[in-house]
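Let us start with two forms of the same protein chain, each given on its own as structure tokens and named structure 1 and structure 2.
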Structure 1
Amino acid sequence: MKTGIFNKSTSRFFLQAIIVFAVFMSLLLLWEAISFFGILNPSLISRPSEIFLDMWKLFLKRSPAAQSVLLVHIYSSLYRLFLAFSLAAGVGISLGILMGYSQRIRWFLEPLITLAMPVPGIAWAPIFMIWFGFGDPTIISVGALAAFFPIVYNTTTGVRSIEKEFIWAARSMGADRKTIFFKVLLPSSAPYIFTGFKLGLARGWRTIIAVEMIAASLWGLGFMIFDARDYLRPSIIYGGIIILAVVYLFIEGLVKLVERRTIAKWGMVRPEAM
């Protein structure tokens, strides 16, 4: 397949990357120049250089536990995402498999899920705050709830999409229930489960950032952004938004890597909607 490092598509890719970089840089320069000449109100719209400097200062600033403040913010959000996602994946996959297996369970749970799925995660936050108070328990459980629905939905679809013939074939070759489950059901619903993971990760991340803003918790990127508003520090808001984007692109890259290593290797990638 490979004809060299610089085949046509890679050179095009590099060309595009250079153009994009140039466009980004010139936009930043333009922004900087306009603010430099005082056309934009500096208390509303910060300069790129100022944003960068303030982020750097926040990086150097030490928390009471002598860690970098910026890194602790990022770490707290990621930690919450990790816990929420693990919880959602555990419950979501088990329930999804049950719903895929048993018509009765599906019949009972499907209406409940259909109704609860479109509710935005953040709408649950005030109720969870009454139950669990401020801080981590609320943020993590609301994040887990938000991530749960896409996972359970896609797992069910995955288990149901298996062709009956596969199971019959395995059975006629003498496979017992355990073997059928691990060697037929799980692998063939894996792509769907993975789609659910991706959607759940995105939903969980969004919800956690949002809940961090209202269930004040001292740490977390959402809290950092919302808190900066009180101190009239737009540069931290801009910087926080950029960091949010970068962190999420990083997570997405990680997911793609895992996908390449597992599902793509087994040759089971599903075509994707958005």
Structure 2
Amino acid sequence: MKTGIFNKSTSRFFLQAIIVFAVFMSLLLLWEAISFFGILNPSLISRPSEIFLDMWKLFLKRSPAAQSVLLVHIYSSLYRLFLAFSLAAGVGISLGILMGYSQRIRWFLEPLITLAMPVPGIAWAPIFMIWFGFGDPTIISVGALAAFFPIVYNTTTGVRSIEKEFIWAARSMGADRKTIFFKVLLPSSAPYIFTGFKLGLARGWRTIIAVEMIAASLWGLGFMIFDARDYLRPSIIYGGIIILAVVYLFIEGLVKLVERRTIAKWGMVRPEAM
């Protein structure tokens, strides 16, 4: 039974990957053809062949530490995302569980969170730049703030959605609070938490790249794109945008992999629905 589900899930994953790759390559070929016949202005919209050539040159170019410049840009952004998301997840899940458990805590915190949530992450950047200056502290703090809201809201919803009868049944069988948390509360709210993770990652990634454009001192994909604008190199800008999309595609793929190993294994969702 498990083998059949695994094969079906794997086949669907590869089929989806092939379709996405085919559509992506078709768009690139169409883009290249339109550029070749001079329909697009090459000084404003670079050809895909030029984009990939400049990305390859950037990959081969070495930093002062003898590392690939392109990989250092990618690593810097991912490093900031990892720290920002870890901070947002730790605080967001903790507060979300408390807000889901306690009506008083939810009554106190929910208006504050609702008031701050609509403010774009980039709007907080000038304030954090005054507090922390340029560099990682500002970028990571703003990214964590942006990722925090989806996580705390989804965690709260997940905890509140648990049927009270499940908790009563666990208590009647002698389960203590620790057992109820790990055996009832966490598995039941996990689908909501993972949804918050994916929304938080997407929002945090966008915000970090945006803040890198104004607060990064040297490295990061946002800095790379903004720096290319100053030197009128649209191929680097388009290449950076493509890399942003591809990198996040891999990030979400890792999150889905963890989902399959947890909530699908626990039976909280159907494996074929993921």
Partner chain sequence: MDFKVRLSRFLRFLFPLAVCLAVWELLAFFDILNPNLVSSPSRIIWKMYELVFPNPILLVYLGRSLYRLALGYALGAVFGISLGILMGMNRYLYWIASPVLSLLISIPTIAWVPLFLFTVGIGDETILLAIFLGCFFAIVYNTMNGIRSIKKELIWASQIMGADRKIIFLEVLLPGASVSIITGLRLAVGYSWRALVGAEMLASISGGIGRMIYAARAFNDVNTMFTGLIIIAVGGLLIDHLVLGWLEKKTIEKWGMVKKRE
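Only the largest set of C-alpha atoms that superpose within 1.5 Å between the two forms is called the rigid core. Computed from a predicted model, the values in this text were never measured in an experiment. The first residue in the sequence of structure 1 is number 1, and each one after it adds one.
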Notebook entry, point to check: Structure 1 or 2: which one is the form predicted on its own?
Noted result: 2
Check: C-alpha of residue 36: shift of 2 angstroms or more between structures 1 and 2, rigid core aligned?
Finding: yes
Next item on the list: Please work out, using C-alpha superpositions, how far the smaller rigid part turns between structures 1 and 2, and give the answer in whole degrees.
Entry: 19
